[in-house]
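Below you will find one chain, with nothing else, as structure tokens; this is the form predicted on its own, and questions on how it binds or moves follow later.
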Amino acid sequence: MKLLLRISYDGGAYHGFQYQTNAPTVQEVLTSAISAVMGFPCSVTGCSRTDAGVHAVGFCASVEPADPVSRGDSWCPIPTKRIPAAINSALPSDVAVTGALECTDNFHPRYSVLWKEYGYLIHDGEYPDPFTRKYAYCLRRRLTADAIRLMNEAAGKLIGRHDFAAFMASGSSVSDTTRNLMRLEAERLDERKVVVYARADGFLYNMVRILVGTLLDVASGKKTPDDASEILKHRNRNLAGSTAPAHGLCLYRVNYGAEIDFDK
């Protein structure tokens, strides 16, 4: 048996989820807290790495004993419903477990994913907002209804199964750059906020942030919606937009199918 946790975190103080030797990470604080609560070393595996500074409200991670053979199937000493409260008591205030359920040993939080959805928040008011500065990219210019329409026209040309090499950070070692982008959509939330939703079966390094940067180039007139198709075709990172800042990005949801439902 494994546990699957749903986790929210403010990524501002962390260098992403995955362990790093000389920088604080979400995986490090989670592993420390869970091991302390369980009373023995545990292993925590995340659904994604996430970049430094990126946030999450629906991140998923599996938990099992570091030595599962000696612990057996009934290794967890805490009832499942009480696990979030127990772990949260040992976590810093910028990380929280918001759900827990049991899953089978062959479940993998990364390879069992059907799709992930991110949201990228943009503040486009005339003046910066001190209360959203850590969670939204302050654009300092208005995204008009026509600009958002053009962003969505460009986004429509990117949806589907494509080679997204042009939307991957230079220097990545990933060899298979084909992904199925199921949703890419800009939507106004209120007078000063726009969110770009991105859903796919997987994402390349910096992919969502480069997609957002490219759509913002379309909004400003630096690129046209038709350029999106050309960028895909040429597989050239230099043709795509800049990488939008990390702090505007948040992992909203990870979908594993109907059998994994934290809200049952």
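Residues carry their position along the shown sequence, with the first being 1. From a predicted model like this one, the values you see are computed outputs, not experimental measurements.
The form predicted in complex with a further copy of the same chain is left out here; the points below concern that form.
Using a 4.5 Å cut-off to a further copy of the same chain in the predicted bound form, each of 10, 130 and 135 places a heavy atom inside that distance. At a distance threshold of 4.5 angstroms between non-hydrogen atoms, residue 84 is in contact with a further copy of the same chain in the predicted bound form. Residue contact check for residue 209: none of its heavy atoms lie within 4.5 Å of a further copy of the same chain in the predicted bound form.
Looking at residue 98, you'd find a heavy atom of it within 4.5 angstroms of a further copy of the same chain in the predicted bound form. For the chain shown alone, residue 88 is a contact residue for a further copy of the same chain in the predicted bound form, at least one non-hydrogen atom being within 4.5 angstroms. Only one segment in the set 201-209, 215-223, 31-39, 53-61 has any non-hydrogen atom within 4.5 angstroms of a further copy of the same chain in the predicted bound form, and it is 53-61. For the candidate set 74, 173, 93, 106, a heavy atom within 4.5 Å of a further copy of the same chain in the predicted bound form is found for exactly one residue, namely 93.
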